[in-house]
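For reference, the chain that follows is the form predicted on its own, supplied as structure tokens.
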Amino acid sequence: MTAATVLPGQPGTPGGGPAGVRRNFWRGVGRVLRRKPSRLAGVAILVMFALMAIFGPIVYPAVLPRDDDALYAPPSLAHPFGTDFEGTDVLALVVTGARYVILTGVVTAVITVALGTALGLVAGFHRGRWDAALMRLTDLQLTIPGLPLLLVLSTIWKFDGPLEMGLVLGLLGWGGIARAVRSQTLSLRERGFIEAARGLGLSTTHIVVRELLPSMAPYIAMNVLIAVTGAIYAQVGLFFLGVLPFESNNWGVMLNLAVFGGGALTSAAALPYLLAPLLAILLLTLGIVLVVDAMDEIFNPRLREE
């Protein structure tokens, strides 16, 4: 329905059927990734951080060991990034703190993209009163100052875990995606395959879910990764400013303690404690950027090199 011609791998062609479509898709993904080694590096970085978030707190004990005789120890084979003000290995802090940061980013991205996509699709497809009402709601959400609201909420809500943090950040960040999805929906709804679906008497739900949504899947997938990056910056910034309680280890807490507790900006001894979480954030962001670059070519045939 979404294509006027039969493409290779579709039913009726050699290697057709769903299995053939999937094989051709993953072969194309492999070709795009191999075309630039940096893209493979981006995938490897994301896989590394995912494994770090999943298994890091399992590998290390719940209470990390301390060495009172090695406060702010310099980097060494035993401690690649040195130790902190309590003699705790900084690398262990980075690894165990990854779960909070990454899980918050994923929860934020899912809520942001799900809400923004749903509202944008409904508004763009139905237009009229639905469009006006949902876009006014979106405009209202976009006018809410996120940081001041988070500062107020932090006085009454402890944000005990990444799920609570992700929920709040997600509810504050869906407006931009909703408007972008609405614009794309307004363009797609006038295409021939949508008109054909209406002519066949297909339900609105079928048209939106089976016709419009797959056409915007590449854009939505890239926005998931971009939303993860924004959520990481937001939460790390809040912990760095000290407006959230330090009840769990994460990279923002490390930055706060390094700067305001350890004097990392004026003391070289505490500098590795500051640079380790910054390097983790930079590396994770780089991985996301490289994967988004690959996704752009995977889903946009015009960018593919023959």
Partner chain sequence: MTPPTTPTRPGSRTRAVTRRLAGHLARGLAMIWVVTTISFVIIRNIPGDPVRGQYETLIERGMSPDQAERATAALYGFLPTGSLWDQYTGYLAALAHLDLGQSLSTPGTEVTTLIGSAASWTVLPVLGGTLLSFLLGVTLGVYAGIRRSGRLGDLLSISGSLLHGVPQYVIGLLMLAIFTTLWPIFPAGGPVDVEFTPGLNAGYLASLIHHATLPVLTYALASYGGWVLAMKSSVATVLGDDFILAAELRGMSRGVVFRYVARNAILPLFTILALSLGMLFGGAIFIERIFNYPGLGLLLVNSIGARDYALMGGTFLVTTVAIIIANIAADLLYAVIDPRVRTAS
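Numbering follows the first chain given and starts at 1. Basically, rigid core = biggest C-alpha set you can superpose within 1.5 Å across the two forms. Because the structure is a prediction, the values reported are computed rather than measured.
Although it is not shown, the form predicted together with the partner chain is what the next lines describe.
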Check: Among 226-234, 120-128, 193-201, 104-112, which stretch sits within 4.5 Å of the partner chain in the predicted complex, heavy atoms only?
Finding: 226-234
Check: Using a 4.5 Å cut on heavy atoms, which of L147, A217, L163, L171 is close to the partner chain in the predicted complex?
Finding: L147
Next item on the list: Identify which of A132, L186, L151, V209 has a heavy atom within 4.5 Å of the partner chain in the predicted complex; exactly one of them does.
Entry: L151
Check: Thinking of L241, L255 and L290 as the candidate spot, does the partner chain come within 4.5 Å of a heavy atom on all of them in the predicted complex?
Finding: yes
Checklist line | in the predicted complex, R66 touching the partner chain (heavy atom, 4.5 Å) | finding: no
Notebook entry, point to check: So, in the predicted complex, is A53 in contact with the partner chain at a 4.5 angstroms heavy atom limit?
Noted result: no
Margin query: Check I281 for me: does it contact the partner chain in the predicted complex (non-hydrogen atoms, 4.5 angstroms)?
Written below: yes
Note to self: Residue-level question: is K36 within 4.5 Å of the partner chain in the predicted complex, judged on heavy atoms?
What the structure shows: yes
Next item on the list: Scan 155-169 and write down, in order along the chain, each residue with a heavy atom lying within 4.5 Å of the partner chain in the predicted complex.
Entry: T155, I156, K158
Check: Aligning on the rigid core, do we see the C-alpha of L153 shift 2 angstroms or more between the shown form and the other one?
Finding: yes
